[in-house]
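What follows is a single chain, given as structure tokens, in the form predicted on its own.
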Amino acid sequence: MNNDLLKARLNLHAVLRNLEDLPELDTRAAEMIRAWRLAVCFSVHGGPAATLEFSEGRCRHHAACPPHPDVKLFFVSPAHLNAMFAGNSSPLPLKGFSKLGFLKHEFAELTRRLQHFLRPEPERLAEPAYLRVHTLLTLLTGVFAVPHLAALDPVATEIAAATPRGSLQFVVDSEGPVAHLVYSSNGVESRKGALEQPSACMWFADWPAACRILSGTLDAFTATGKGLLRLDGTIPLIDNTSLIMERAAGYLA
């Protein structure tokens, strides 16, 4: 297995993808991108690619590069891209040289804002608004990591192959459906929002409960007994998905 390739896919399609949601969750991030009008492409030689498209105060993540992005950042290998995410390397700009100052300052500030929520200081989790954003982005990172883990991680591949075909919906009681996964003969697909008639449902009582369960500080058995977690439908879908999601931490830590 190519660990660097899997990690690169997770960085591009699970971690970086969160920038699509961050401006809708955080007023500071929304203000940062309010006037941005450009598409930034991240492209790995012989590997994955992704684009962040900024317009009208919104960000959209695409799992490919458009024909003519405003900025194209090239990486010679998955390891090169992963080093950039770790802060130990820089991309090779192939297009958009006039935007290098923007990338170094404004865009870098936006990515630091994302890390502010994904890697919290423990005391910040006492703030309800902060905890909600952190937990939602953590959950979405896990959900969008599943297809890539199922495709490239040997253990996750075996688990996914043994998982019943169907769908799993993630619900937080105060806000309703957050995201879902669909297991089919073509693999696993992750999406945001609600799904009609899911095969299974993982229901969290509130954001604090979801945060504790996702972080592992509250186990599912205890959470279920306290009414903080409810598992409905095809339970193997839930159990197997949880096992796959847990594997993401080993690559993204």
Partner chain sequence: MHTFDYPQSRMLFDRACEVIPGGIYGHFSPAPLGQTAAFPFFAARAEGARFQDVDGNEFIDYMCAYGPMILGYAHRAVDDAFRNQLALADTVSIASPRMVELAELLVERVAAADWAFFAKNGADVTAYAVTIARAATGRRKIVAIRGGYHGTHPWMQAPGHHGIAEDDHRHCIRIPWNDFAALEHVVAEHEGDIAGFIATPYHHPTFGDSVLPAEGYWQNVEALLRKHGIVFILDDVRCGFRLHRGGSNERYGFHPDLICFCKALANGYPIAALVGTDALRTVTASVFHTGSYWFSAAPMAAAIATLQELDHVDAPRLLEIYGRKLNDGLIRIAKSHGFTLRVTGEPCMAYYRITDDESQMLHQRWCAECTRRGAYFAPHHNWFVSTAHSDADLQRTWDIADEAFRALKTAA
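Just so it is clear, the structure is predicted and the values come from calculations on it, not from any experiment. Numbering follows the first chain given and starts at 1.
Absent from the display: the form predicted in complex with the partner chain. The rest refers to it.
Stretch-level contact check against the partner chain in the model of the complex with heavy atoms at 4.5 Å: of 155-163, 112-120, 126-134, 88-96, the positive one is 155-163. Exactly one listed residue, out of Gly193, Gly216, Gly46, Gly225, brings a non-hydrogen atom to within 4.5 Å of the partner chain in the model of the complex: Gly225.
The partner chain in the model of the complex comes within 4.5 Å of no heavy atom belonging to Leu25. Interface residue remark: Thr51 is not counted as part of the site for the partner chain in the model of the complex, having no heavy atom within 4.5 Å.
Under a 4.5 angstroms non-hydrogen atom cutoff, the partner chain in the model of the complex has Cys201 among its neighbouring residues. By the criterion of a heavy atom within 4.5 Å, Thr234 is counted among the residues contacting the partner chain in the model of the complex. For the marked spot (Phe221, Arg230 and Glu246), a heavy atom within 4.5 Å of the partner chain in the model of the complex is present in each of the three residues.
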